[in-house]
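Form predicted on its own, single chain, as structure tokens, below.
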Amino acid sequence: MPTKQRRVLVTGARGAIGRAASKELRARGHFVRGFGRNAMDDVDEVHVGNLADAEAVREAVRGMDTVVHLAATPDDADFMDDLLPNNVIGSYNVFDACRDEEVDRLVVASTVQVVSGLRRSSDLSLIRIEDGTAVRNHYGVTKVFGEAMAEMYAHRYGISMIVVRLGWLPREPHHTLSISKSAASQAIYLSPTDAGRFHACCVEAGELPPVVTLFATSRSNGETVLDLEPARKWLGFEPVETWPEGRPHPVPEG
């Protein structure tokens, strides 16, 4: 059991990472409120709503100690119809609600896609946080926006921010197939078990710098591509699974 039980809002609690995070947080004794467009399981309380609805977001944030913000359009999509309302306006609503409701900590989902161009344009053998970003799609741009928002809100409003550049947790069978065929994808694989443990470590971490940016993956079974040392340093997180351990689907044939 954690030293201090927290009241945690998980946005996108019905998604693959949201389910993993909610399950682990509840197993550790935390109260979990889920927010999303549809009803969801594995949470203590459900708030159904849309990220673009500022009042619905504020109501979901109210009374929470910590917010784990995972809800988003999860891949590249039409900017105006999908990415702008969900990943930009929706994130702004979450950040502003956390400020108004005096949330202690906000865990912000970014993506390893914000560094997708680094190895293509350099001779880096290990990508570190300090290497910056190299974005190659509009989805990545929206996640860099979220990282910049975290920096601003931490220093201007005093909210503890953890930015998580998430590896690839396959949401669909064809994602699992793609990972099975690519050593590079396996190196950034994130299992549900490790995803849940990582987010629990974020919620339970003690005092941190105003903004901490971290990579989150499972253990690589080959070349290590992303530097996990900051996650060890700040959270005490050590991944326990390696591809294909914990994969949510069998590898499809064909």
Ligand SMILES: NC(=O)c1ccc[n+]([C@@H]2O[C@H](COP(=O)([O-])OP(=O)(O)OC[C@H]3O[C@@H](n4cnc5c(N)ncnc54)[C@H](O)[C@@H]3O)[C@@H](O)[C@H]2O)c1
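Only a predicted model underlies this, so the values are computations on that prediction, with no experimental measurement involved. One rule holds for the numbers: they count along the sequence shown, beginning at 1.
Form predicted together with the ligand: not shown, discussed below.
Contact with the ligand in the predicted bound form, judged as any non-hydrogen atom within 4.5 angstroms, is confined among 94 to 102, 152 to 160, 168 to 176, 127 to 135 to 168 to 176. Though the partner is left out of this view, Phe198 does not reach within 4.5 Å of the ligand in the predicted bound form, counting heavy atoms only.
Taking the partner from elsewhere, Phe145 is found to have every heavy atom lying beyond 4.5 Å of the ligand in the predicted bound form. Mapping the unseen interface onto this chain, Gly34 falls outside it, with no heavy atom inside 4.5 Å of the ligand in the predicted bound form.
When the ligand is considered in the predicted bound form, Pro74 lines it closely, a heavy atom lying within 4.5 Å. For the options Val61, Val43, Ala187, Leu51, the one in contact with the ligand in the predicted bound form, meaning a heavy atom within 4.5 Å, is Leu51.
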